[in-house]
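One chain comes next, on its own, written as structure tokens: the form predicted on its own.
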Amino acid sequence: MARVTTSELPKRFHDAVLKWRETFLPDYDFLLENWERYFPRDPKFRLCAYREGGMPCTIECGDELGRDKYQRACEMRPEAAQHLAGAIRAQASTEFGSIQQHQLTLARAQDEEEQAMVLRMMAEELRHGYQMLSLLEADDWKPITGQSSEQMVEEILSMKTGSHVLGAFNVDFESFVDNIVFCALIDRVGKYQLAMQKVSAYAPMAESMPQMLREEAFHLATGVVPLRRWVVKAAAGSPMITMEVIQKHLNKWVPRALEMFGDERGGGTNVKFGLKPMKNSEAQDQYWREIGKVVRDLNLRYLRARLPQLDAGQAELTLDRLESERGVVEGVDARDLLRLPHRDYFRRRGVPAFRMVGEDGGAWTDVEGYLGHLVKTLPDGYRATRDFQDYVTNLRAVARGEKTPEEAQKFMPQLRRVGGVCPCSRAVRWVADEHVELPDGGAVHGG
């Protein structure tokens, strides 16, 4: 078995994370006190950084394939080190950002076990963020980023929903359905990103990934297990959850998940530098096929709950007929089933950015007609959010010819540091800038 070592951040950084936790994860103590009740077979959670021994010592892809992995960022080519620093910063941002989102609607869970699962996931996201901070603290990044470790930690802990690096983590949750669908979709992107970073040419990054991946498996279950229960309840006519509600939340989060892989034309530089083994489009394609299987599994469970006389094979055949004929089979309407929205639907980044493509792939030419379509196919509460308002503003600007799609997709409210709230610094406040871009259009995980 591989040797795993643990460590804690220096006290000033560790205390800063604890202070952050008090604000954004107030149920942490409850989780630890009730851990054995909900998770009796699993080791109790510990806030620390893990490093896995026995990992490959040589670079596994890219131009420097076969040479020793880097132990210090300053040893890398400057551009590679800058890409790496951006990825670590963004990864940390997503972990802390996810907690802030989940906290908004954690109390709205209808099931105690599902609530406990999300709470555990939030604690593990805190540990993932802590892991990334440990990478920033343990190396000298100032020659690369112009910031000290203290400044970088301060910046990350000062971010709030609306100022995180990736768009998916700036979207407010409106209901507990968001918590669950987010885990099923966005954390699944996380699995891909962590698996790719496991081969990183920067050894400390690669050694950080195995424990994060083990924890990520639970995060996916936190999304999929409740969804499986919900589709069975929906089949029974539950007033608490319907297939339409689940579908609208898929429509909300699938576009954001696809965008987390970065622009479909990018990612080659990360491969060249040995930071990831796949380009953005390759990873996105694999992800698309995987979530298609998740949706099919949910539909099969729904069908078997609606038609209990069907065995597994018969359910598969019935689903095939419903998907091909798009009508009514055995009393079940194809419109009652879940489906992935078209890959270009409701996109604001990447190749399909601001194309007016419908949920079913149909093209729209009238911007107001398209917005009406989005209103019908997205969750009701989401339409009142800043995130949707920003999209509408930019889509109209593109339609009027005031912005190109490339200009519009660069718009993202972003905060720049002019002071701080983190206990490891003296003072902080923030102001809004308009735009930030990751190098190479690359992406990291959230969750």
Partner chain sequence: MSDPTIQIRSLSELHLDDIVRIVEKTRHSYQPDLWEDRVTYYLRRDPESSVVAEVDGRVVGFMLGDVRAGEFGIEEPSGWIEVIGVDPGFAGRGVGRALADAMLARYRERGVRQVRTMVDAGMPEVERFFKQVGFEPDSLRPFVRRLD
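Since the model is a prediction, treat every value here as computed from it, not as a measurement. Positions refer to the first chain, counted from 1.
There is also a form predicted together with its partner chain; it is not shown, and the following applies to it.
Using a 4.5 Å cut-off to its partner chain in the model of the complex, each of Arg120, Arg188 and Arg229 places a heavy atom inside that distance. When its partner chain is considered in the model of the complex, Ala221 lines it closely, a heavy atom lying within 4.5 Å. In the model of the complex, its partner chain sits within 4.5 Å of a heavy atom belonging to Val294. Shown alone here, Val351 lies farther than 4.5 Å from its partner chain in the model of the complex, counting heavy atoms only.
Though the partner is left out of this view, Lys376 does not reach within 4.5 Å of its partner chain in the model of the complex, counting heavy atoms only.
The partner is absent here, but in the model of the complex a heavy atom of Val225, alone among Val245, Ala203, Leu371, Val225, sits within 4.5 Å of its partner chain. Interface residue among Ala236, Val328, Ala217, Met240, judged by heavy atoms within 4.5 Å of its partner chain in the model of the complex: Ala217. Partner contact region in the model of the complex: 310 to 318, out of 248 to 256, 172 to 180, 310 to 318, 343 to 351, criterion any non-hydrogen atom within 4.5 Å of its partner chain.
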